[in-house]
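Below, in structure tokens: the form predicted on its own, a single chain.
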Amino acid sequence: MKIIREPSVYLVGKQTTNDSEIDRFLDDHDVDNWSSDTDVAGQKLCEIAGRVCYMSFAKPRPGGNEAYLDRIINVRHGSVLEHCVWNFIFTGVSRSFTHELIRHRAGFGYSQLSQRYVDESVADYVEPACIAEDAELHAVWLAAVEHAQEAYVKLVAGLNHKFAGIEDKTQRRKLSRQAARSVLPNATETKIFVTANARALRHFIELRANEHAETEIRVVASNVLEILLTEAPNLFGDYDFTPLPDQTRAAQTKNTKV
């Protein structure tokens, strides 16, 4: 059993553009002098989407992708940002975390580790920093998760015996694990694949990279923002970090509810 105290965020996918089709669209509409100065596909697609709304390709104003998207964000034309999508994997996070994360529905898609199919006999656990830093509290927490782990292993073994008459091994394992998981705590580590668009991510960051948010989800939201500040500065560059007393960070922007 491993104790985890820091989550990991992996950016595993992002968009590309089909430039030949963009050029064909522009040619079909007699636009011969427009181009974007960003090499970030998502930022380019958001600009194209915004310009389609007003067919403002022939006389682009304001000039440049950064200025254009800054204007879009300032006037809260947030629907344009829904066309830019990223794919993440979050690991080293607890079931408590994912219970909160999946409350974000619009603009998000999720695929999470299944406890019905994956054996948790060697599960890892996520310990909150406020418990880990106190030896007495850590001892109480560790005893609790070890007891739950032991109970899970015994239940799986007993249920496998109980369902021994079921010929399908996969079905037998699934029945055993889905019942035994009932004793596993929210601290159990999980993995989740997350797809989200820029507008949804801004909303997530504003709510969760916030001093009033739960600590674990605040850390993940801050890590996501740190990645996006590099990946798409024209869409997320209006955010700033502020250090908090618990060594985590909060994010702020003047452009809320885009």
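Counting begins at 1, following the sequence as shown. Fair warning: this is a prediction, and the values are worked out from it, not measured in the lab.
Keep in mind that the form predicted together with a small molecule is not shown, yet the notes after this line are about it.
Inset, instruction - Decide whether L26 counts as a contact residue for the small molecule in the predicted bound form under a heavy atom distance cut-off of 4.5 Å. - result: Contact check for L26: no, nothing within 4.5 Å of the small molecule in the predicted bound form.
Inset, instruction - Answer with yes or no whether R218 is in contact with the small molecule in the predicted bound form, where contact means some heavy atom within 4.5 Å. - result: Taking the distances in the predicted bound form, the answer for R218 is no, it never comes within 4.5 Å of the small molecule.
Inset, instruction - Please check if H203 has a heavy atom lying within 4.5 Å of any heavy atom of the small molecule in the predicted bound form. - result: Taking the distances in the predicted bound form, the answer for H203 is yes, it comes within 4.5 Å of the small molecule.
Inset, instruction - Spell out, yes or no, whether the shortest heavy atom distance between R208 and the small molecule in the predicted bound form is within 4.5 Å. - result: It does: once the small molecule is placed as it appears in the predicted bound form, R208 has a heavy atom within 4.5 Å of it.
Inset, instruction - With the small molecule left out here, work out from 150-158, 167-175, 76-84, 102-110 which stretch has heavy atoms within 4.5 Å of it in the predicted bound form. - result: Among the candidates, contact is made by 102-110.
Legend entry - Residue (of A49, A213, I227, A41) lying close to the small molecule in the predicted bound form, criterion heavy atoms within 4.5 Å: Result of the distance check: A213.
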